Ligand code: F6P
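Below you will find one chain, with nothing else, as structure tokens; this is the form predicted alone, and questions on how it binds or moves follow later.
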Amino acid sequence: MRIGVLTGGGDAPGLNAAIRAITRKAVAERIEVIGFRNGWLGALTGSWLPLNIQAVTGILPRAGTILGSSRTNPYTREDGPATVKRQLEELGVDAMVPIGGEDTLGVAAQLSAEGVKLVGVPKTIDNDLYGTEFSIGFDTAVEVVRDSLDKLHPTAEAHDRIMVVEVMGRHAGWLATVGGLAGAAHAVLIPEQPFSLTDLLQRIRRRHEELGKMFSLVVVSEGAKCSDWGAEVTGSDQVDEFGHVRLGGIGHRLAVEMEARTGFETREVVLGHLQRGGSPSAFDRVLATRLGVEAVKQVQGENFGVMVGLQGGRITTTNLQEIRGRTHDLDMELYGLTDLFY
């Protein structure tokens, strides 16, 4: 048997740990493994490399992905799906294990419906994939947000400043909420709940003027929406192959308006790709290892068309067709805790 592995979409801490686990488990079961370069692009072009014990030695703590990644969508290319199927057949790939988020596994779901044998592994720092409570990369990204807030807190206090910290997450507020709670943010703004700038400024003024706290930390998700502005703030009108616009810029706009309307000195900090980098946390390393091993087991058991995940502390499987168009919604009770710290 021969398994093909790929990593698609934005990189996330723990991808290499998953590649390592899949390879180690497969080799132990006398299964050959190859890795496609740069996500679905490699599957389209037939660009691959052999994966063996030597290839994955020492990669557990490494960020990024030794296979590379891209946001390639075979379904936007002429004869894309047919080309992928032909490449897999010519290379003798019996089953695929794509590691990715909503888009990568969305392609996997479509290919699965068309007869391609595969098992998906969830990866996204946004933590918004249906079928798993935690996705690879989320825990490490939260630690980046927490660590950044810990470092910004003393400088904000020293200079009596408002610090607006923009974090990733697209249309999910998991990263902003959990990172904000862990880092003692004074306000957390998320996509799921449009915020009023007037209300936010009133809260900040009360904190500064009535409580005598002359600094504040505001965490805002890149996809948050201000009811005063209407649409979300985007960094570009261009869209990728999955139809996504590039979000970004809300931190700057918010900082400018907050300073202009309150007179409080305000600075913005955009964490950006720092959230994707760095050595994966212990949690992400173990999660990636468990999911990678389970993916190989599902292939061995010929249980195709599923995504492995973590629910209630146990490794589970969910049909890929159930995942399409659904999300792991933010726990709004958890988000409600952020109100205590305005």
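As the structure is a prediction and not an experimental result, all values here were calculated from the model. When you see a residue number, it is the position in the sequence shown, counting from 1.
Although it is not shown, the form predicted in complex with ligand F6P is what the next lines describe.
Chemist: With the partner left out of view, is residue 273 within 4.5 angstroms of ligand F6P in the model of the complex by any non-hydrogen atom?
Modeler: Residue 273: yes, in contact with ligand F6P in the model of the complex.
Chemist: May I ask you to check whether residue 124 falls inside a 4.5 Å heavy atom distance of ligand F6P in the model of the complex?
Modeler: Result yes; residue 124 sits at the interface with ligand F6P in the model of the complex.
Chemist: Decide whether residue 166 counts as a contact residue for ligand F6P in the model of the complex under a heavy atom distance cut-off of 4.5 Å.
Modeler: No.
Chemist: Would residue 146 sit within 4.5 Å of ligand F6P in the model of the complex, counting heavy atoms only?
Modeler: No, no contact at 4.5 Å.
Chemist: Just one stretch in 258-266, 153-161, 166-174, 75-83 has heavy atoms within 4.5 Å of ligand F6P in the model of the complex, so which one is it?
Modeler: The contacting stretch is 166-174.
Chemist: Using a 4.5 Å heavy atom cut-off, which residue among 208, 186, 225, 71 comes into contact with ligand F6P in the model of the complex?
Modeler: Only one option qualifies, and that one is 71.
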